[in-house]
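Coming up is one lone chain in structure tokens, specifically the form predicted on its own.
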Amino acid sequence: MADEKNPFPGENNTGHIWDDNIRELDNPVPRWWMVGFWASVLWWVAYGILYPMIPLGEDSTKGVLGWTQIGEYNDGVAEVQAVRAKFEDQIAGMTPAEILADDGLSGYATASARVLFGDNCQACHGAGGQGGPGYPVLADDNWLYGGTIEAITQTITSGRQGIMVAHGATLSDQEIDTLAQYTVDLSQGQANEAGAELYQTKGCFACHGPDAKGLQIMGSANLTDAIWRFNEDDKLASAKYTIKHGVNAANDPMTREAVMPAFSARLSDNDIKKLAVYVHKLGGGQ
């Protein structure tokens, strides 16, 4: 645009004007900005020389420093392992019970196992051991196989898979209803003579004990407490289903599945010991 037609003569604008007064200026870039720009270009070149940067198919330039992310990670792991070594060496020669009795090692094991628990146990048992649908609570004092440090260690090492026989083919619907109501009444501290008689005549005591408190050697459930592993919202329906279809019953495709996997092939002996101490200290150890 010629100066005589430019409403802002001598302003060094491009002549592009909108709405009478919005215009595009043609000033040079500030020196400080250009210095920063060329400094960033030099920094980019230097970085590309020193560190891996430019992709080359499935690889990249290596950089003269030989730095890699995995190398830095391995160095960090080595530093952590060096700090832990004195504790890990002691734990290797001790039983879980001895570790639990040593305040210093017990504290170390608990702190170290928090990550192990999150990686291996939390998905089923909850972040705080509160359990999940169909999975046992680890923070109470109810233990199918016992809550001693030795029992917990064995559970983590070898896993557990109890069996509740499916009685749908051997009991009538009325008998299942009676027994289910009996277990609900037991958990609420109420008497049920018909259910108690059927409990004895059908041989339920053989697994759950004459007092219905379960047998740890078999991993059978305590029927007298208020802890329900499956479907606490409708206890009666849950009890009926379990009696009818069982737990891990091979002859019933509708059986409940309840398996604790073995971790002996996945975790080291030290990690298992630390996890046992951690679980024991969640609040339910004996």
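All residue numbers are counted from 1 along the displayed sequence. Fair warning: this is a prediction, and the values are worked out from it, not measured in the lab.
Below, we turn to the form predicted together with heme C (HEC), even though it does not appear here.
Only one of 70 to 78, 84 to 92, 104 to 112, 171 to 179 places residue heavy atoms within 4.5 angstroms of heme C (HEC) in the predicted bound form, namely 171 to 179.
Of the heavy atoms in Tyr51, none are within 4.5 Å of heme C (HEC) in the predicted bound form. In the predicted bound form, Asn120 approaches heme C (HEC) with a heavy atom inside 4.5 Å. Although the partner is absent from this view, Pro136 contacts heme C (HEC) in the predicted bound form, with a non-hydrogen atom inside 4.5 angstroms. Although the partner is absent here, Gly203 is a contact residue: one of its heavy atoms lies within 4.5 angstroms of heme C (HEC) in the predicted bound form. Contacts of stretch 165 to 186 with heme C (HEC) in the predicted bound form, defined by any heavy atom lying within 4.5 Å, are made by Val165, His167, Leu171, Leu179, Thr183, listed in sequence order.
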